[in-house]
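Take a look at this single chain, the form predicted on its own, given in structure tokens.
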């Protein structure tokens, strides 16, 4: 394997984002033909990635070296398979959009978001740094929010977009914590702290040992699983995917069949060599098979063709997750091969659903049937894709499902006991997969409903993309080993725990996996005459038991959060300055002290030796501080505070720091003048003292004081003697570099001049804010 060309890798990721910036301008000249510009960009990315075939290695740039963070990309078979799928299907989706989105408003936003989304997916596929992975991961959520909520005037679109954002971004936060846990042990496992994923994957045993020694293996595993489950719509977090069908159909084909929902699967496959363990198998095999079964049953209950395909997608994602969950090599083969197969037939089916909705005017399953006469080519495409989805040999979906059966059987055969539930659930779910796949196919080959009106023939731009996908799926089904050799085997090698050459084919003898296929297809075929009963039975169960519907939990959760937010807002955001200051200072104190406690920071021993004059000055300062509390007016309070500041300046003089004393005097005098100028603009009295407010303010003052005291003690515990090189540097360079003999002043205005400028800006902003707040005193400022 040759190392990849860095310029090609960066170009493949950056090109869609650059094109996104050009879309608003190009749309003025190209109009709806901007779709073809998007297709050209996707094709360019596809060619760039294809040119990297045969390469393997990392490229990157330094980003935050002190934290071990870099903008790194890694090219291998797994990344190329996912990247080629995203860009290749992206070409077809842009071409399809040119016809499907005709006369739709907001197309510049649509194509811009679609390009940015494709760039984000390519970023996830190639990123080799956990921070970069997280950024691209969350970018996919932001772009999908825009695309799912494209029809901004429709409540269903807004509801679906918010739900998708809530679930996937929330899952991303779990993933981020998991990444931090992984990075936290790299110091002991790899010798230095880093977020470099390639370094972790190169030392899996050391990483697993370090995680277990730190007690973080299971927490990191669970956090990564939650992040992947939200993105890949795994039970019980699958509910956002059917709702996301409110998006335009090209978006569904791109995001919800080929790319976004596979991000979680992709990353599970990527981390498989790193975290593979008995816990890994138990978690992901169980999660995947449960999702595969539950969503297959829900697909049978669907009343809308896109809803059926959405539940079907979640079910097939479960198949891939389960495949990567099994430690058997067949598991990695099933996951990698089904990633390709599912993208081909499911994207084709979504585009077919778009043609049906576009030409027949309805997506309701009960209102459709016998479409083969009106849409003969579409019917042929649907036949190839549906039979692939059903896992019927020799269509492409059959081979990857057969590999899953092999993995489930081998795992159960080796472990015995309850592990036999795995192959049983896989067969059960596959029977339901056959059921809903045939039901979708019968939209074209069943009886034509009398109420169905005229169905138009679709234009070539609508028909060509799904036809091409079906053609490729058919070729994969007829020559699966050629496909494996060309593109799947390198992906298997990157995700497998051991080297293994993948071969598939139609069974010629009754193997355990072949028997499972016979039972699944036979069971599905036997149950199909009772499809309507099953459909009504599942619907009745869902209607009778509202809490088992995932939407019910989401709606109750959001409503609860909204009620809590309303109650909290009245306490936090009530327009009273005192309230804002209380929450801000209290929160800062709590977080700072909690951070010290979490980091197990201890107060260093202090040796306090002070002279009598210093004691007297500090006593005066304390008396002044207490006097502020009982000051009868603003003027008295400000003068008393200034007295406290001047005592601190005298303290500096007695502590042999005349330069600091001079600075303190200047600042104190300036602050006094500013306060006196402001005083005439605020009320002359404090108002009645409320006991509860006084107690709260006293507690808050104590908390802030403790926070400041602890922070000062901790930040100054390192004496200059402990850092001789730093002190020596400033002392030696003050004259030649700063031109001054006062080291402190040179540091302030030369070595850290920009910091000082920033501080001055902060003071200026604060002064302006004070003036603004004072002008709002009639809105509760005296309370």
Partner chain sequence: MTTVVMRTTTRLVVPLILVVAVSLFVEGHNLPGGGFIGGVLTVTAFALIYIGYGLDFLEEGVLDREVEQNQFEERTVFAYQRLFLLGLVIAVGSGLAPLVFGRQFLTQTFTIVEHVPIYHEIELASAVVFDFGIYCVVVGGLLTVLSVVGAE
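As the structure is a computational prediction, the values presented were derived from the model and not from experiment. Residue numbers count along the first chain shown, from 1. Basically, rigid core = biggest C-alpha set you can superpose within 1.5 Å across the two forms.
The same protein also exists as the form predicted in complex with the partner chain; that form is not shown, yet it is the one meant from here on.
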| item | value |
| --- | --- |
| Interface membership of residue 741, the partner chain in the predicted bound form, 4.5 Å heavy atom rule | yes |
| Distance check, residue 213 to the partner chain in the predicted bound form, heavy atom within 4.5 Å | no |
| is_contact(residue 454, the partner chain) in the predicted bound form, heavy atom dist at most 4.5 Å | no |
| 4.5 angstroms heavy atom contact with the partner chain in the predicted bound form for residue 32 | no |
| Among 673-681, 392-400, 570-578, 229-237, the region lying within 4.5 Å of the partner chain in the predicted bound form by heavy atom distance | 673-681 |
| Heavy atom within 4.5 Å of the partner chain in the predicted bound form - residue from 39, 48, 746, 58 | 746 |
| 201, 662, 558, 176 - the one with a heavy atom within 4.5 Å of the partner chain in the predicted bound form | 662 |
| Did residue 660 shift 2 Å or more between this form and the one not shown, C-alpha, core superposed | yes |
| CA of residue 739, rigid core aligned, shift of 2 Å or more between this form and the one not shown | yes |
| Is_shifted residue 758 between this form and the one not shown (CA, 2 Å cut-off, rigid core) | yes |
